[in-house]
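Okay, so here's just one chain, in structure tokens, the form predicted on its own.
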Amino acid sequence: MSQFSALLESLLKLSNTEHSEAHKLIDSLIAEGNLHHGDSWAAHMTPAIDSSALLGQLLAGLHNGNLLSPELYPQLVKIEKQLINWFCQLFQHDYGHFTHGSTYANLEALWQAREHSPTDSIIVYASKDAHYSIAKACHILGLQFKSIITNDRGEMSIEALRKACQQQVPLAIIATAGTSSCGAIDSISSCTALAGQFSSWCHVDAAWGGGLILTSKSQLLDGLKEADSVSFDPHKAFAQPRPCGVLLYRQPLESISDVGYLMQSPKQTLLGSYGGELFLPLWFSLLLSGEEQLLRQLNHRLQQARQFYSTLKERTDWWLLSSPTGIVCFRPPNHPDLSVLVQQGIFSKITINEQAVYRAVFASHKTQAKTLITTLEDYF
């Protein structure tokens, strides 16, 4: 009996579970995962996975190579380079590598900022709505995170940022392209300009909003070229399975010196052992369907978000906030309780400027504005 078979047999015997009961458990897991594939799913940034990507995920599992030894896997290296070159062209950067997501990428970018800083500053400025991973990265690295106020659309106040820089020169400025709360995009060009003025590193967390680079709204990301680093998560915007993140740099990373058991010294990244699981699903999506399919799905999501917003604006007097990244926030008058819809994964509840509001996240190309409106009609 193989090790896997023995493990499976042990699991089936756990608590006297019969095979039929195991099938029920598996079915319940599949049903739970299918939540993301429904036309009413708009709670979080977890998309329905592209079917081609699932084949790529299976291929990555079968391959299971470790690119800390790239000389053994020339085909895998070739595919990785092709994809990184594609991302570098899209985001106008020269270097990059895959990550397990922007939480890791944000930490690494701030690590590089600290290592290359011409000053002794430990101050990092970012929007008060920046992803929590920024503050966590600062804590890990011994840096001091200071949040900057936002306007009524959730965008970082550039004037407040300028005043903060004048009072305390920062090690780094973080611009967010698509906040998790309401999808706001900070003024990237203003952030890179201030970073240049104060000899600071500028990192752009584009985990959610970076997909706009493929669309006619790419001008909303103006300034990316001047950023020292940019993070992006295809597992949010491109219907890819986790983990699939990318971190791009303007300058090359140095190699770690003298790793005696490897033929090639790895770069100074957080990434350790990794293989095709980070990029073969995306490669398979592009191979079978092409970039055009990614763009169609992305445009469809954004169109559904606009339709949802427009319908609510036309039929209600609710407070509304729409983002170009595909998030719509709303608050019905008299604060009706929508907790049942939150529990069903239809919407989520967040706080904007100390006010509790509801949020529809159009992360899945299967989410339909019409279905979401139907769930809300009883509250009109």
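Numbering starts at 1 and follows the sequence shown. Computed from a prediction, not measured in an experiment: that's the story for all the values here.
Below, we refer to the form predicted in complex with a small molecule, which is not included among the displayed structures.
Contact annotation: residue 156 falls outside 4.5 Å of the small molecule in the predicted bound form, judged by heavy atom distances. Interface membership of residue 352, defined by any non-hydrogen atom within 4.5 Å of the small molecule in the predicted bound form, is ruled out. Taking the partner from the other structure, the small molecule in the predicted bound form has no heavy atom within 4.5 Å of any heavy atom of residue 237.
Contact between residue 93 and the small molecule in the predicted bound form is not found at the 4.5 Å heavy atom cutoff. With the partner omitted here, the residue from 112, 229, 133, 304 that has a non-hydrogen atom within 4.5 angstroms of the small molecule in the predicted bound form is 133. Of the listed positions (127, 192, 180, 297), a single one reaches within 4.5 angstroms of the small molecule by any non-hydrogen atom in the predicted bound form, namely 180. Heavy atoms within 4.5 Å of the small molecule in the predicted bound form are found in one stretch of 97-105, 69-77, 287-295, 270-278, which is 97-105.
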